[in-house]
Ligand code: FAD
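Shown here is one chain on its own, the form predicted alone, set out as structure tokens.
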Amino acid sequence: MKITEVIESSKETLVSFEILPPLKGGSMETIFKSMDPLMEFKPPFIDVTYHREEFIYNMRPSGYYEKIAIRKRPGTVGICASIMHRYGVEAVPHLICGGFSKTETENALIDLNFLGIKNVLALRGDARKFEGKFIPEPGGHNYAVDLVNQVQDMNNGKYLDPNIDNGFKTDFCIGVAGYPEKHFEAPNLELDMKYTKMKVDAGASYIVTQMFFDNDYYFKYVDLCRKNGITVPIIPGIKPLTRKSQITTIPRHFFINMPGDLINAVDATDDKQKVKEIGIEWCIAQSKELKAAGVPVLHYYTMSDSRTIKKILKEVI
């Protein structure tokens, strides 16, 4: 079932999760161990992230360094298939521009279609570490909207090979990212909104937001989307704060603001358990307010911490 169909068929706020593939060398058991405790909340879909390659440099006997590409968290497509088989829920693989040519993207979409996966989240992805800006793969996409266009082309039976006539029409439901506090590369929220509308106009059917810790950002973002003619469902992305260090690392890595009350409460204690309790209580309050406002889905970035997410949902659902 498409994510949009899931949302339309429900009269209540749903719950969904995003998970990370295990590090290379891990197994599906780590995923199942993380997800099993959360299935009581009946998530209709689970997102699985995709991580682009990284580069390491190994010294060769000659003294020169050899540049080697490694992928630390492979397996997104296989994980999605396993989740659907084990739990009978929709799995949503992330598609990224970084590290993929258009041909590789097309082949990945063909595999997903053959597996019965009908939903994808189309993202540009991050720049590689130590690169000042995002650099696309040769023959790849520069922007998420280009990726959306390629998926939508396949939905219309259009493939990269011009010799393919009457190609099979896929039926992917396409999600994209939204940024209530704007994407860090956009000069202002208005221009960022223009790019978001381009993705929706290209074929995106729903938006999942970056995490935020002040619900006002989400509500204002939704209002701005509606004023700009964006009518698709907008799913809030939520992450609980669990460590004191996150009051500085999260804003630095994700370019978002932390509310003063949350910072002051966390900064006032060095007790790790107390910090976690503060973060959980804050997330519970956030979730309850969003649910009361009638958001379509509460989408939790689990980071494999199912115990914390379960504590939150026990108070929210």
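Predicted model, so just to flag it, every value in this text is computed and none were measured. So that there is no doubt, residue numbering starts at 1 and follows the sequence shown.
Just so it is clear, the following notes concern the form predicted together with the ligand, a form of the same protein that is not shown.
In summary, among the residues 225, 81, 198, 89, the only one with a non-hydrogen atom within 4.5 Å of the ligand in the predicted complex is 198. Contact annotation: residue 99 falls outside 4.5 Å of the ligand in the predicted complex, judged by heavy atom distances. For the chain shown alone, residue 161 is not a contact residue for the ligand in the predicted complex, no non-hydrogen atom being within 4.5 angstroms. Taking the partner from elsewhere, residue 45 is found to have every heavy atom lying beyond 4.5 Å of the ligand in the predicted complex. By the criterion of a heavy atom within 4.5 Å, residue 239 is excluded from the residues contacting the ligand in the predicted complex. The candidate spot formed by 123, 143 and 210 is fully in contact with the ligand in the predicted complex: every one of the three has a heavy atom within 4.5 Å. Shown alone, this chain has one stretch from 104 to 112, 149 to 157, 163 to 171, 184 to 192 that lies within 4.5 Å of the ligand in the predicted complex by heavy atoms: 184 to 192.
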